[in-house]
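Before any questions on binding or motion, here is one chain by itself as C-alpha cells, the form predicted on its own.
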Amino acid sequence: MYIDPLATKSLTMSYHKLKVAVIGAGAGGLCAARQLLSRPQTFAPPVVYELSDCVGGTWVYTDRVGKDDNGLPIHSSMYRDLRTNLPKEVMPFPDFPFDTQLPSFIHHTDVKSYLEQYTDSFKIQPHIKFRTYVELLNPVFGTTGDAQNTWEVTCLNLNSHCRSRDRFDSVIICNGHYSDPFIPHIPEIEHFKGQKMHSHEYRFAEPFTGKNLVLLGAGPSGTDIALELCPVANQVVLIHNNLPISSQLPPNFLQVKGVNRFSETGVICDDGMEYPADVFMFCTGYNYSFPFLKDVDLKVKDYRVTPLYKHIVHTTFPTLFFIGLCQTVCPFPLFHNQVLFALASLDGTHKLPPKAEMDMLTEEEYQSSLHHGIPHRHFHKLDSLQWSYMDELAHLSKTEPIPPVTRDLYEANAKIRKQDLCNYKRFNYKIVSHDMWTTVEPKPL
C-alpha cells in the first residue's frame, strides 16, 4: 500500500503542526532536530530518541567494546587517537562553522565538542530523550481503510525500565551505520589460532606492540589503523583488492592482494604466500541495521537498502526518512541537504512523485550505476556523484546549494592524501570565499 503524505490532511493549509520523531542524536539526528525547530509554524517540537546518555553518535569515544551495562552492543567505532581524514573546512553544517583556531585535521574530541556546541546553540537538548531504546516503529493505518501518515514508536527507558508509546506524523531515522560489523567468511578460519577482531573493537595501538598484524580492507579506517599500528607492531600486512597505495609507507607496512584462506598461524593470500598473524583484523565495513523496523517492507541486501527514493524516502511509506545511508561523502553537508529535502517533502515545498514513479526512477538510477561499472553493493557509495546529488536535493527543496569551495577542497585533499598518506594531515587550509581556499603553512615533520 502506498501512503500519500497528503492523503488525510493538507500539510500546508491545516493548523495541525506535524509531529516528527527523530531516532538518534548523532550528527544526522541533531541536524534533523535543528531544522525542525527552525520551522515552528509547520512542525511541533521534535522528539529525539537517543540510546546513550549524550549527543554525538559515532563521535563518542569509549574504551569499552562488546556489550554495555544494559547488554546492548557498544555503538561507537571510535578509536582513541583518531583524527579526521577530511579538513574541518569542508566538514561543518553550512550554518555552523568549526572554530577557526583548530587545525584542519582535528581530533575526534573536537568533533564531539562541535556537536555539543551545535546542540546548545540551537537548544536541541530539551527535546532529546536520552537512554531510550527504540524497540519498535510501526505504521498506523486508518480504521476506515484510508491510509494515514501516522507512526507508533514503542520505546524503553533504560533508567526507569518503563515502556511507552507515542504517535507521530513522520519519523526520521538517523541511527548511523558504523555499529553492526560486517565479517565476511574466509575459508578455514576455524583453524586460525591467533586473535580475530573487527576494527569496530579497535581502540588504541599499545596492546599490539611487537605483534604481526594482518588487516583486511583498505577503506579509510583500514589504512588509518594500519598506519597507527606500524610504530608499535613488528609487521602490518594490509590485504585489499584496490589499486596499490602509491604513497611512501613505513618499512614494516606490506600490501597484499586477496585473502585465500587461513592457516593455524596466519593467512594465505592469492599470491600463494603465507603471512604470519598474531592478530587478524577485519576492516570490512558495517551492515545497515534497523532492528526496530519489523512491519515495514524494508530490504537490506548486499549493502543496498530498498525501496528508497533518493537514498532517503521509503517509497511505500513516504513519511519515513533515512538520513546518512550514503557512504564516501562529506557527511555533515550531506546530512544537511538530506534533512532539508525530507522536510520539503513534508511541508509541501516539494511534492514527491507517486510510488510507482519513485520506484521507476530509483531503478533507472540503479541500472545506470551498474552500467557504469558500479557494483550492486556500492549503490549508496556516492564518492564523486555526491556533488550532483546534493545539488539536486537543494534544487528540489528550494534551498541553498553547498558552495563550490567545499567540493574543490574535498577533492584537493583526496589527491594530497593519495600522494602522501603518512603526512597529508600536516596541512592546514583556509576558506577564502565561496569558491576559493588557500593552504596555510604545513606543520614541520
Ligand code: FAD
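Source: prediction; values computed, not measured. Residue positions are given as counts along the sequence shown, with the first one as 1.
Omitted here: the form predicted together with the named molecule. The next part is about that form.
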Selected contact from T284, S113, T84, T316, since only one has a non-hydrogen atom within 4.5 angstroms of the named molecule in the predicted bound form: T84
Just give me the single entry in F168, F292, Y275, F208 that has a non-hydrogen atom within 4.5 angstroms of the named molecule in the predicted bound form. F292
To test your reading of this chain, name the stretch in 393-401, 49-57, 34-42, 372-380 whose heavy atoms come within 4.5 Å of the named molecule in the predicted bound form. 49-57
Could you tell me if V20 has a non-hydrogen atom within 4.5 Å of the named molecule in the predicted bound form? no
Hey, in the predicted bound form, is M91 touching the named molecule, heavy atoms inside 4.5 Å? yes
Mark S221 yes when one of its heavy atoms lies within 4.5 Å of a heavy atom of the named molecule in the predicted bound form, and no otherwise. yes
At the 4.5 Å heavy atom threshold, is G266 in contact with the named molecule in the predicted bound form? no
Enumerate the residues of 173-195 that have a non-hydrogen atom within 4.5 Å of the named molecule in the predicted bound form, in sequence order, or give none. C174, N175, G176, Y178
